[in-house]
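Provided below as structure tokens are two forms of one protein chain, presented individually as structure 1 and structure 2.
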Structure 1
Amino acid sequence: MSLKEQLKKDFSTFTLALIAVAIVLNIVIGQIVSLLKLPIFLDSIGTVLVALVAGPWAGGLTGLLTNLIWGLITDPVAAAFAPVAMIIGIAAGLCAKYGLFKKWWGVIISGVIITVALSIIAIPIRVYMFGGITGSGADFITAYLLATGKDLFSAVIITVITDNLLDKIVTAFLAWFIVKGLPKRFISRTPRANAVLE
């Protein structure tokens, strides 16, 4: 299948409606989790969900637009991290495409791969734009590492990975369970869910 045909299949009206809902789920679930004061974010669960059933491009677009919309309505700082949210969707979609979302251990590996992929984009943004600081609890790790003599870049690498690893593994699992729990009728209308289901 050529790229153009694949994109046309990936972006059916059904997928578009799904992406719109997933964007809202990202924002709303992110808010519930921060209300419950849990040590994770879960604000990319919709992104990973779309990536699993509609592929890396749809997943990436979900992440990108989530942060742009978030930036538009509540916090422009979030827009600066839109490329990071995009990479989460692309990485999750590629993991699914190559069969990692078939077994539970593959889901863990996917969580790790997503974390590494997002770090590659997040670290330069954090270092060059924000001086390595984001105003969250994770800044303590950065401060501690700098105090022990690490340079800013390595300190931020370690912070981003420790901050995201658990979150992305949990997100990958939740998205996987949701896809498995969806009715067949729904699944049959998505372009790529077969890569996830056995």
Structure 2
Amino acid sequence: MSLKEQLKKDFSTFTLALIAVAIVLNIVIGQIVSLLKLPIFLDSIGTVLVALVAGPWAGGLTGLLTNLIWGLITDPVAAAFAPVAMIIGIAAGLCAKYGLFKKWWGVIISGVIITVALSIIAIPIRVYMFGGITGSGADFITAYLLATGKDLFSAVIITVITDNLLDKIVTAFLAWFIVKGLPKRFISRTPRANAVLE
């Protein structure tokens, strides 16, 4: 199947509707977590969900649009992390494509891979655009590390990796459980659900 045909299949009307629902899910959960100042994000469950059932490009688009829309509505910081959200969707979709979402241990590995991928983009944004402080619950970790004598770059690296590692493993499991729990009639309409279902 050519790339054009695959993209047409991945971006069906059903997928586009699913992307819209996932964007709302991401923003609502992310806003609640942000207001509570929790040291976890959970704002990419919808992104990973779309990536699992519709592929990496649909997942990447979901993440990108989530953060751009969220940035316009309430939180300009979210827009700055739009490339990070896009990488989360792409990485999750690729993990699913290569079978890592078939078993529970693969979901953990996927969470680690997603964390490494996003860290490459998130660390420079957090350091150079925000001086390490973005207003999230993870700022407490950065502040603590700075107080113990770590330099800003090291503190942000540790914060991003440790905070996102837990978050992305939890997010990957939640998205995986949702896909596994969806009715077969629903899931059969998605182009790549076989990457998750056995």
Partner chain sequence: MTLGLYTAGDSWLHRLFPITKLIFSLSAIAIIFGGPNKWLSAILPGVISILILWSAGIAWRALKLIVQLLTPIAVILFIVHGFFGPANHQILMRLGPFVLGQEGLMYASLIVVRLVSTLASSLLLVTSTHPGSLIQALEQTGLSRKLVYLLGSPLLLLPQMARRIQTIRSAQQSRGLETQGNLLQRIKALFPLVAPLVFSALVDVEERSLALEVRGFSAPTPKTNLTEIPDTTKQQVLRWGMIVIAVCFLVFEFWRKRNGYD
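Along the sequence of structure 1, residues get numbers from 1 upward. Owing to the predicted nature of the structure, the values given are computational and were not obtained by experimental measurement. By rigid core we mean the largest C-alpha set that fits within 1.5 Å across both forms.
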{"query": "Of structures 1 and 2, the form predicted on its own", "finding": "2"}
{"query": "Core superposition between structure 1 and structure 2, C-alpha change of residue 64 at least 2 Å", "finding": "no"}
{"query": "Flag for residue 165, CA shift 2 Å or larger between structure 1 and structure 2 after aligning core", "finding": "no"}
{"query": "Core-superposed C-alpha of residue 45 shifting 2 Å or more between structure 1 and structure 2", "finding": "no"}
{"query": "Residue 146: CA movement between structure 1 and structure 2 [superposed on rigid core, Å]", "finding": "4.1"}
{"query": "Per-residue C-alpha deviation between structure 1 and structure 2 [residue 31; rigid core superposition; Å]", "finding": "3.2"}
